[in-house]
Structures are given as C-alpha cells and as structure tokens.
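Just one chain follows, in the form predicted on its own, and it is written as structure tokens.
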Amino acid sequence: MNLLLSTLDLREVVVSAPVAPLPGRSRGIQGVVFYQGEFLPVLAWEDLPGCEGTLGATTAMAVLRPRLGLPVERVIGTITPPPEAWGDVDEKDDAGAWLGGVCRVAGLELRLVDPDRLIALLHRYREDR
C-alpha cells in the first residue's frame, strides 16, 4: 500500500528503532520507542481496517505531530500533487476509517493518512478494551 503524509502533519522521519512491546497493549499500538526524551507510541498497521498483514522490514519511522510513530518500509520522497489528482476514498474501502483521501499521480494511487481520523480510531480501540 502506498501512503501519503502531509508535511503539515509530519514532525520528522527517523531511522527505525526497536519497539518495546507493552503488556496488555491496546489494539492498534505495537509498543513504544524512546524518542526525544519521551515514550512514543508506535502504530501496529496490522490492526487497522484495510491493512493486509504486517510490514516487511521497516527502515524508518514517520513521527506525526499528534505524537504517534508510523513504521514505514521506505520513504520515496515528496510531491506536490495538482488539485485534479485528488479524490475521495471509495466508501467500500475498509481503510476509509483512517484515510483522508486518495491521490492519483504518475500511475500510482497514494492514500492520504488522516492523523485525526487515525487517532480517533485508536481511541475507539482503547475504549473497546
């Protein structure tokens, strides 16, 4: 799955670090890493609707402004898509619960991660425990 993150939502991208699992972890969080003097929760992609299995070897972690780490296999670069490249998420797409849109550029479909929707989903998971 090719994902797109807004630079407005991104704090930085760092080298992947070992994730310390949490006992009795909440669905959606695989554990924590020590980041800038604090523990940062790290997303468990496999717990999200619309995600298929686990990632391969992660090389980096995108740190979002809402204090959440997203493990990623690779970072390709930055783009500035034209307005006509944007579309809505298909309502049948299970990942629609945490996506903010779809961008089609250069023959690729890039799915925009919406941090607010993602955090809200993680909060619902925690409340359901």
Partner chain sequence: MDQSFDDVWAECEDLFAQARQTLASLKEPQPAHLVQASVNALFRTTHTLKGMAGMLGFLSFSRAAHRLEDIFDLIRKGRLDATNALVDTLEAGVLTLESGMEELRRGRPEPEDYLHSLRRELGELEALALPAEGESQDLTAMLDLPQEVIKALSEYERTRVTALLLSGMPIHGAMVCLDFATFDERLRLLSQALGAQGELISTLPWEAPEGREGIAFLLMTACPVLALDGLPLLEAELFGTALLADPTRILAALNSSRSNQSGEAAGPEASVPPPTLPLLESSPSAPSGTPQPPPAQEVEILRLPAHRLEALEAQLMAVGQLRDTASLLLHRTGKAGGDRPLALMAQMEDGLLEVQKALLQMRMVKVESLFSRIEPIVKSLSRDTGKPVKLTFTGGDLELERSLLARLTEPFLHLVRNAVDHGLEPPEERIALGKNESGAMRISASQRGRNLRFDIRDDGRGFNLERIEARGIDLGLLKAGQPHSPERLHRLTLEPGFSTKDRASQLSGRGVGMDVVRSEIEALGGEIHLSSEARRGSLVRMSIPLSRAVVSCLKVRCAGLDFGIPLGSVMRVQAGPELRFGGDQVKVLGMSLPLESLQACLGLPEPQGQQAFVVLGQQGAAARSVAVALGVDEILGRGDLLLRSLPELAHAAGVMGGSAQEEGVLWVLDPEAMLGLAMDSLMRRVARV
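Numbering follows the first chain given and starts at 1. In this text the structure is predicted, and so the values were computed from the model without any measurement.
As for the form predicted together with the partner chain, it is not shown, yet the points below apply to it.
When you look in the predicted bound form, the only residue of 99, 64, 48, 29 with a non-hydrogen atom within 4.5 Å of the partner chain is 29. Proximity to the partner chain in the predicted bound form, taken as heavy atoms within 4.5 Å, picks out 30-38 from the listed stretches 73-81, 86-94, 30-38, 99-107. Among heavy atoms of residue 68, some come within 4.5 Å of the partner chain in the predicted bound form.
Shown alone here, residue 122 lies within 4.5 Å of the partner chain in the predicted bound form, counting heavy atoms only. Taking non-hydrogen atoms only, residue 22 approaches the partner chain to within 4.5 angstroms in the predicted bound form. Residues in 69-103 all lack a heavy atom within 4.5 Å of the partner chain in the predicted bound form.
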